[in-house]
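As structure tokens, one chain now follows by itself in the form predicted on its own.
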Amino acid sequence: MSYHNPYTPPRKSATFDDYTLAEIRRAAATGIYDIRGAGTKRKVPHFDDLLFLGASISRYPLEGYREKCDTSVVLGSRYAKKPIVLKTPITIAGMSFGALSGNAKEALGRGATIAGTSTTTGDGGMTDEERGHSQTLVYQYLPSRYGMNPKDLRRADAIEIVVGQGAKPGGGGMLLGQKISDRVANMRNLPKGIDQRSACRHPDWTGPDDLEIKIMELREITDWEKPIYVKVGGARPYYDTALAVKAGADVVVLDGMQGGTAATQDVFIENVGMPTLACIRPAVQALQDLGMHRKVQLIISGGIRSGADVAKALALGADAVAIGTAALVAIGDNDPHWEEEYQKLGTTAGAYDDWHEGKDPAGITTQDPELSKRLDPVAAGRRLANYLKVMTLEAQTIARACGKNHLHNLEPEDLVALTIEASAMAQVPLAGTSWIPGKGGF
């Protein structure tokens, strides 16, 4: 005989929570896996788990309004004849035309130019809007080769060879048919309205030796003018960074699992890759072991949101960061202004991630001409520039408080961790101790 205790409320499983149960039912009903955009939604150790140690007696702070704190960065100084010089170490990550509307790409270019930084093409080629409004434009060279041609390689200011992406290291891209308009189809040489999947690996190499040959080929095409970046997803950052350097890269771009994507399997986003925080120190160690730290620049991306995040990434050894999701929010993505329309799509502002469906009310992750018109690229570009300015000022504020006259002078010694996990990943002491897990101390 069973007995139900009326004083004890029903207890739900932590393993089979409401979301998990709903996903099981959805999979059982449809027979297909879930596809979405954006980045991981699970909580992982991140920059919030680190704190700066400001100056007091043992360190001397800089006066905020009288003493200079430089924010400039030079990218690609190893081999390129024309390295990139930026006013701020915050760049715009690659997001394709196709995933984003033409107006969104123009807004990103406008905002980056006002702020004195670079933007990046993404898969699918270079649009006139983006090139025309980007003072400094990085051209992504992906496994798909969509839109790739020597003319645009030469029109770019740098070339980024994409080997992997943080949201899906080891996986290719997706662009569903509803977003493949006439223009997207023409740029990618694809049939209109048919689902497209980008390859997960480059067709003409199988390892780092072939990557070295490809880098040399791109240098010859561009007369050794353009810096060559190599972008990898956060999986084995020490070895991937070392191999990229040995292959001849000028810059390594390392994307952690909090990085976004236009569309991929949800199981990929949530279960493949490593947190951004865990990727930085192994990559820096690889550069240091090769004697190439600060000679080959390291750009970190994946979940960068504020000037504090920027400062922490640089303190751990990065030269610059790249933002994607945050840049889209700055130009108007997931804005509560469109809440009523998000509700009609079965979601809410701040949670909308069905970018692959092409129905974005904000006019950003869509190819629908009527929706795209909602985004004013001039006004959106100004918002992005304002956001970049604030982030840069925040990073400067922290650097001055630590007594640094350049953002690149921030160092691990300026940081402590709030959790054992963050301490181990960032290799900085647990707050109040000198202990780094695995490295002794007390």
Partner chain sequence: MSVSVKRESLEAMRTFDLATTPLRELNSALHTISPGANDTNFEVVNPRGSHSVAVGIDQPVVVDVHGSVGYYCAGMNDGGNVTVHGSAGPGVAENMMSGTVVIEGDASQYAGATGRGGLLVIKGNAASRCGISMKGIDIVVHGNIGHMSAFMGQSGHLVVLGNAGEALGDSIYEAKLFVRGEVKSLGADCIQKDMKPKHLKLLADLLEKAGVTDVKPEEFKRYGSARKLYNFNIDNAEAY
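The model shown is predicted, which means the values in this text are computed figures rather than measured ones. Numbering follows the first chain given and starts at 1.
Although not depicted, the form predicted together with the partner chain is the subject of the following passage.
- In summary, the region of this chain contacting the partner chain in the predicted bound form, judged by heavy atoms within 4.5 Å and restricted to 69 to 77, 346 to 354, 312 to 320, 202 to 210, corresponds to 202 to 210.
- Site annotation in the predicted bound form: the residue of Glu370, Asp128, Glu340, Glu217 reaching within 4.5 Å of the partner chain with a heavy atom is Glu217.
- This chain is displayed alone, yet in the predicted bound form one of Arg188, Lys168, Arg281, His133 has a heavy atom within 4.5 Å of the partner chain; that residue is Arg188.
- Annotation: in the predicted bound form, residues Lys82, Val428 and Gly432 none come within 4.5 Å of the partner chain through any heavy atom.
- The partner chain is not shown here, and in the predicted bound form it never comes within 4.5 Å of any heavy atom of Ser181.
- Contact check for Gly307: no non-hydrogen atom falls within 4.5 Å of the partner chain in the predicted bound form.
- Contact annotation: Gln196 falls within 4.5 Å of the partner chain in the predicted bound form, judged by heavy atom distances.
- Contact annotation: Lys295 falls outside 4.5 Å of the partner chain in the predicted bound form, judged by heavy atom distances.
- Applying a 4.5 Å heavy atom cutoff to the partner chain in the predicted bound form picks out Ser144, Arg145, Tyr146, Gly147, Met148, Asn149, Pro150, Lys151, Leu153, Arg154 from 144 to 168, in order along the sequence.
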